[in-house]
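Shown here is one chain on its own, the form predicted on its own, set out as structure tokens.
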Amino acid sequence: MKKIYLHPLPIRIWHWVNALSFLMLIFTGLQIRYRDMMRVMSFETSVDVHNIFGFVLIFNFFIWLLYYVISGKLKIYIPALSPRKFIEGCIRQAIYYGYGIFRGEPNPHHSTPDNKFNPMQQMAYLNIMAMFLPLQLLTGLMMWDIKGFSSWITLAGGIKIVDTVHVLIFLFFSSFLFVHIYLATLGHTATAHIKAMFTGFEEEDEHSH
């Protein structure tokens, strides 16, 4: 196996802070939504903890954005400009995930520091980081201070619309978490990708190209 330094230290720290924040937000969000069914902590404590990790996630998002803008590596999230090339790449990757991986075929995408994500990952992560996460943070801010953001809430269609969007994106992220963990086990061993998010080094078969 050869080692590729794929995950710089700032990205690894960002990733695990993000993971912890998401887990705490999902847990406390369920506590707030179902306060009569889940009594692990008080409603007031759930709200306080939810708000704290909400602001941690906001801060972490801007750290991510600043790092990728300054490093010039934001392009790794941008799919190929050629629609045909992008679609062909998605089809190859989908066939691998749905069929090839079960036959022991090699992954058609080989990650490098400048070409980290396969086309399907690019599409997913671009939508998450450019649309779903900012929208979740924004709706969360609105509900954190309804009075202060009253004009924004009115512009969005009212607090029920804001709350519904926040909950729907919460459901999306909760579902995505399971998909993300599953895909993280699809390295040459079940823990290879997870280990790489601690060490920074991905391992790849030298003869896989």
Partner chain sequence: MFRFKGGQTVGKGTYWNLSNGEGIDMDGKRPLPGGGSVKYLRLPSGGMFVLGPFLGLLFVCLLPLMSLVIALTLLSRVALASDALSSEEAGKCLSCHSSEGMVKTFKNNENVSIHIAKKHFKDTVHGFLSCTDCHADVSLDSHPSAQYKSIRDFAASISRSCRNCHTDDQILAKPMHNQAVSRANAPPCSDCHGSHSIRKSSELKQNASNSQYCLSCHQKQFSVTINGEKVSLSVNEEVLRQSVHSNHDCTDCHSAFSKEAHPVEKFGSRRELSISISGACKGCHQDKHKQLEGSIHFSMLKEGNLKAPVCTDCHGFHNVGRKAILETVAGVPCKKCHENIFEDYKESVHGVAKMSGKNAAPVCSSCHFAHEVKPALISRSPGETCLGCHKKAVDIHSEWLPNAAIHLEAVACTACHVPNAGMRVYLNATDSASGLTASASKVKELLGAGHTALTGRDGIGDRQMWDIYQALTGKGAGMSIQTTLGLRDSGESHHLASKGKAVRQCDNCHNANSEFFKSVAMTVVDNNGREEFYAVKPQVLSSIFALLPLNQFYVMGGTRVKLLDFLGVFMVIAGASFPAAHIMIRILTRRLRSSSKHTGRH
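Computed from a predicted model, the values in this text were never measured in an experiment. Residue numbers count along the first chain shown, from 1.
The same protein also exists as the form predicted in complex with the partner chain; that form is not shown, yet it is the one meant from here on.
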query	finding
4.5 Å heavy atom contact, Leu171 to the partner chain in the predicted complex	yes
Distance check, Leu57 to the partner chain in the predicted complex, heavy atom within 4.5 Å	no
Heavy atom of Ile101 within 4.5 Å of the partner chain in the predicted complex	yes
Exercise: Leu186 in contact with the partner chain in the predicted complex, heavy atom 4.5 Å	yes
One residue of Leu66, Val40, Ile161, Ile52 in contact with the partner chain, assessed in the predicted complex (non-hydrogen atom, 4.5 angstroms)	Ile161
Sequence-ordered residues of 52-85 touching the partner chain in the predicted complex, heavy atom within 4.5 Å	none
